[in-house]
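Just the one chain here, laid out as structure tokens, in the form predicted on its own.
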């Protein structure tokens, strides 16, 4: 079961996963002189501001992905990048440390997925998703701005019907529908073995600020918070041009959790004193995030990609969309479109992400222990401070934390580096040294109490 000249492909969803797949499948087909017809169904207009043009994402792109895209001919224009991020500022109740990017290749950039948050008055902003979709249209993709309402198998294809058009037959249907449960149910009708990913609630909001105030308060640093607050695994403030994006990841984030986080002195210190950070942001959402990959996300003439299939735990959803979309495109053009082909040539990439996420769960389990321990956090701050002060040092802890926060490296890679004897010894030594005065003080107080008795 293979694609031939004139084969028709329907991609349901025009976000990064759908656009990456479309771009690469046409690029690979060109090498084989294979003529394909490709339609992307996307009801959302990414040129609009607010939720109607947004895919509910913090908007972080790693430099390594930017360079890999550039190698393949996808050069992200500078006007898409809202702000280059070359440092991380780590906040705890015990202090703050700034971590510089280990190398230029591991920097990150902030982008808008749509064309700006709700209430945005700047009409010149350009979004990442619309840029990718435009590249696909330049390659000949037809964009159908309609919502898919029907997926049904026919004798030799799949029928795709939309809200405004009659059903059409396609030789391959690609699901890039993210975590949209209704769309996932449509795919279960033509992919009966498919089991959608497990999800939990996150939180994203946008605070409008003057660029000068952002530069003064946050600079070109992404601010991450390791605070002892329930339900929050990861919290970050991401500076953009004239907005600051707040992202909270954890377990079922709700309004009370958000208010506790925003009200903490560590978060408040990142904003100007007069800035009303406690006031509800005009643009906010509680999107679902993928915490466990879907199962069997393929069948004959059907494959699901991106969040619908596999993602990176808590991090780099755009990077995972790229990985799964490119793997599916290669399988489709170079191998075939049967369930057997996807099992052999696409599933291994999803399984690789799943195995890496399993290790990631252990890393975040350890992170939650650290969040609750003042002793361990002081040890990390002390070690990071020493590494950043000595630029010629190995900076093992700093580099491992950088990749944990950015998702620039796989979790198994990070885990191995955390277990390096030199890092463990340095962390133990820093923890003891930074907490020794406290231990001595407590010991002195106990001794004094005994003498008093």
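Positions refer to the first chain, counted from 1. Worth saying up front: this structure is predicted, and the values here are computed from it rather than measured.
One more form of this protein should be noted, the form predicted together with a small molecule, which is absent from this view; the next part is about it.
> Within 4.5 angstroms, counting heavy atoms, which one of the listed stretches 37 to 45, 23 to 31, 393 to 401, 411 to 419 is next to the small molecule in the predicted complex?
Heavy atoms within 4.5 Å of the small molecule in the predicted complex occur in 37 to 45.
> When the small molecule is placed as it is in the predicted complex, are 92, 380 and 435 each within 4.5 Å of it, taking any non-hydrogen atom of the residue?
Checking in the predicted complex: none of 92, 380 and 435 is within 4.5 Å of the small molecule.
> Answer with yes or no whether residue 64 is in contact with the small molecule in the predicted complex, where contact means some heavy atom within 4.5 Å.
No, residue 64 sits far enough from the small molecule in the predicted complex that none of its heavy atoms falls within 4.5 Å.
> Does the small molecule get within 4.5 angstroms of any non-hydrogen atom of residue 12 in the predicted complex?
Close contact exists here: in the predicted complex, residue 12 approaches the small molecule to within 4.5 Å, heavy atoms only.
> Heavy atoms within 4.5 Å of the small molecule in the predicted complex: does residue 287 have any?
Output for residue 287 is yes: heavy atoms within 4.5 Å of the small molecule.
> Would you classify residue 114 as touching the small molecule in the predicted complex, given a 4.5 Å non-hydrogen atom cut-off?
Contact check for residue 114: no, nothing within 4.5 Å of the small molecule in the predicted complex.
> Quick one: from 235, 196, 239, 178, grab the residue that has a heavy atom within 4.5 Å of the small molecule in the predicted complex.
That would be 178.
> By the heavy atom within 4.5 Å rule, which residue out of 313, 327, 202, 191 makes contact with the small molecule in the predicted complex?
By the 4.5 Å heavy-atom cutoff, the listed residue in contact is 202.
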